[in-house]
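Taking the form predicted on its own, here's one chain by itself in structure tokens.
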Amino acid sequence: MDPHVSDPSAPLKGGPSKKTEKKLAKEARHQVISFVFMIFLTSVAFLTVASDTIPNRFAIPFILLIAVVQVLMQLYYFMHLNDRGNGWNNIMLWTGIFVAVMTVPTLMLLIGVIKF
């Protein structure tokens, strides 16, 4: 009998299969690439604001756009929302984003921040 069955803290014997090794290597490569891309986006946001390359009027929407891209990348690459079995999580996420995108301009219009 495998000692891991009776004692979950026992070390596992053997190594992962070739298919599992390829999958883990691919996942690690995607995580490193997305991590570097997120560092790049953070640097771009910092440098654009620090150097005044974009007007102050567009600074906040630009930073919010970069933040949304980073949140989506973190959800898909680090929280594994792109894996199978996360269909309902994706539906709920995109529904929430859709409702938020529709609600914020509506409230801004009702409050009077935006005028036509």
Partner chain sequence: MAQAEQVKHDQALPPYPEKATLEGKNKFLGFWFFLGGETVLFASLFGTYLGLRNGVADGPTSQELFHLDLVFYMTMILLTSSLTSVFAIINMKKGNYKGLLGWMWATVALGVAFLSFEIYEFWDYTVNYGLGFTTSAFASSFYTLVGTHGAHVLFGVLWISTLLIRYAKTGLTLTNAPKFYTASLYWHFIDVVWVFIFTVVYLMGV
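The structure displayed is predicted, hence computed values, not measured ones. Numbering follows the first chain given and starts at 1. Rigid core (definition): largest C-alpha set, two forms, superposition within 1.5 Å.
Beyond what is shown, the protein has a form predicted in complex with its partner chain; the following relates to that form.
Although the partner is absent from this view, Ile39 contacts its partner chain in the model of the complex, with a non-hydrogen atom inside 4.5 angstroms. The closest non-hydrogen atom of Lys23 lies within 4.5 Å of its partner chain in the model of the complex.
For the chain shown alone, Phe46 is a contact residue for its partner chain in the model of the complex, at least one non-hydrogen atom being within 4.5 angstroms.
In the model of the complex, its partner chain sits within 4.5 Å of a heavy atom of His80. The partner is not shown here, but in the model of the complex the stretch 46-64 reaches within 4.5 angstroms of its partner chain through a heavy atom at Phe46, Val49, Ala50, Ile60, Ile63, Leu64.
Put the two forms on the same core and the Cα of Lys13 is off by 2 Å or more between this form and the one not shown. Once you line up the core between this form and the one not shown, the Cα of Val101 ends up 2 Å or more from where it was.
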